[in-house]
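Next up: just one chain, as structure tokens, the form predicted alone.
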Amino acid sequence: MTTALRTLWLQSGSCGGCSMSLLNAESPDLYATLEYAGIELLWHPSLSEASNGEFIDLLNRIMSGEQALDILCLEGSVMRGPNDTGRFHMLAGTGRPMMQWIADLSRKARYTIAIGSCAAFGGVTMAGGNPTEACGLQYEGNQPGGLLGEDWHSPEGLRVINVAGCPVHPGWVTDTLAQVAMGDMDETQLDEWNRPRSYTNHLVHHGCTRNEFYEFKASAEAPSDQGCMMEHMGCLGTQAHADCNRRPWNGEGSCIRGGYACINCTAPVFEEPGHPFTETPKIAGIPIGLPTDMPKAWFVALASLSKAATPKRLRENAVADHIVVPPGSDKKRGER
């Protein structure tokens, strides 16, 4: 029988949302998924029963080589402050900053995986002037570097695998772990930000339930309106790399399906867009952020044609919080 990949999950500058999301893995559930993939969870802050002393003993055994470590997962940003001492986050019972433990353990693990946009790029913890000197494992915002440095590679020759998102979809995590366990993870499986292509080769736009409104540029103008949220409400679903609307959370939910604009949370520096999340910045009435792969001239031409052809049903439903004009039918009542 193949030896299971021993995995350690640490948290640093984090709200814990990625773990909360992971616990919602389903079909099968988290534990079954890990078992099928051949993943042994050595420790997780929310799932393990080990005491603080037992946890510290585990870390020391990993560092001494007594305990093998295949995968190190970090959830949350690395807290380097104040003044690059790391003392804003000390690991209880060790007298050492967490960032030193992360750096040391990453040299032991065959693979290092950043769970969420905070661990990947710094994320929300970096926003607002970054008073905690937060960063990601191998990025600081959109700049290479972070805690480990641009040129760092794991013992298996890979950079940090960035499972970005805020929070991550549980499937993005379990798929990535399974891909590593199968020996199918190499640089060709990662995009330009070292994010797994298993979910970033898609756009949030794919599978969006508002696509009919998008096609005719029938736009929402206020929260709870049913129309497309790209033109006025700040939605970045046509630019965001993720498959949120192809495999919704718990089979049903996504930000857009819940009535919220996509804020492109899988991308670096999403937390500082320079404008309110729910407003679309424009120049001369044209959104600055156009759909991926769409030249501006084409977008303007197509948008004009689409708006000229918008059916009355879509035009009125787009600015309503419920269906006010149902789809028509070619048949009259009573006809077969």
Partner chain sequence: MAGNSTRRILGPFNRVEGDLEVQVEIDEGRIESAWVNSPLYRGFEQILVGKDPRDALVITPRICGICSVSQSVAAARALADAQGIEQTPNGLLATNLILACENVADHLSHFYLFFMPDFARSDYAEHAWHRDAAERFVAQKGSASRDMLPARSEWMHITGLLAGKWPHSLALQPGGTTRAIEPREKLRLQSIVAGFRRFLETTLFADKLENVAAIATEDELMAWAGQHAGGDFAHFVRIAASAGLAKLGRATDHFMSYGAYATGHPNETHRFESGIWFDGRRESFEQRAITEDISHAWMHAQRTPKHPFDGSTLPDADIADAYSWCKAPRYNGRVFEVGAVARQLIDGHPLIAELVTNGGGNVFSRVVARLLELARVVPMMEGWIKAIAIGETFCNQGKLPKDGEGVGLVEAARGSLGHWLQIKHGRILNYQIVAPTTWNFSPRDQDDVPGALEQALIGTEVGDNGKQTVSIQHIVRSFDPCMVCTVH
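Positions refer to the first chain, counted from 1. Please read these numbers as outputs of a predicted model, since none were measured by experiment.
Form predicted together with its partner chain: not shown, discussed below.
Exactly one listed residue, out of A181, L91, I71, A220, brings a non-hydrogen atom to within 4.5 Å of its partner chain in the predicted complex: L91. Of the residues given (P167, G171, P196, G234), P167 alone sits with a heavy atom within 4.5 Å of its partner chain in the predicted complex.
Using a 4.5 angstroms threshold between heavy atoms, N162 stays clear of its partner chain in the predicted complex.
Among residues of the shown chain, T292 is not one whose heavy atoms approach its partner chain to within 4.5 Å in the predicted complex. Looking at F277, you'd find a heavy atom of it within 4.5 angstroms of its partner chain in the predicted complex. Proximity of S306 to its partner chain in the predicted complex falls outside the 4.5 Å heavy atom cutoff.
Proximity to its partner chain in the predicted complex, taken as heavy atoms within 4.5 Å, picks out 76 to 84 from the listed stretches 76 to 84, 211 to 219, 105 to 113, 146 to 154.
Taking its partner chain as it sits in the predicted complex, the stretch 34 to 71 comes within 4.5 angstroms of it through a non-hydrogen atom at L41, W43, H44, P45, S46, L47, S48, E49, A50, S51, N52, G53, E54, F55, I56.
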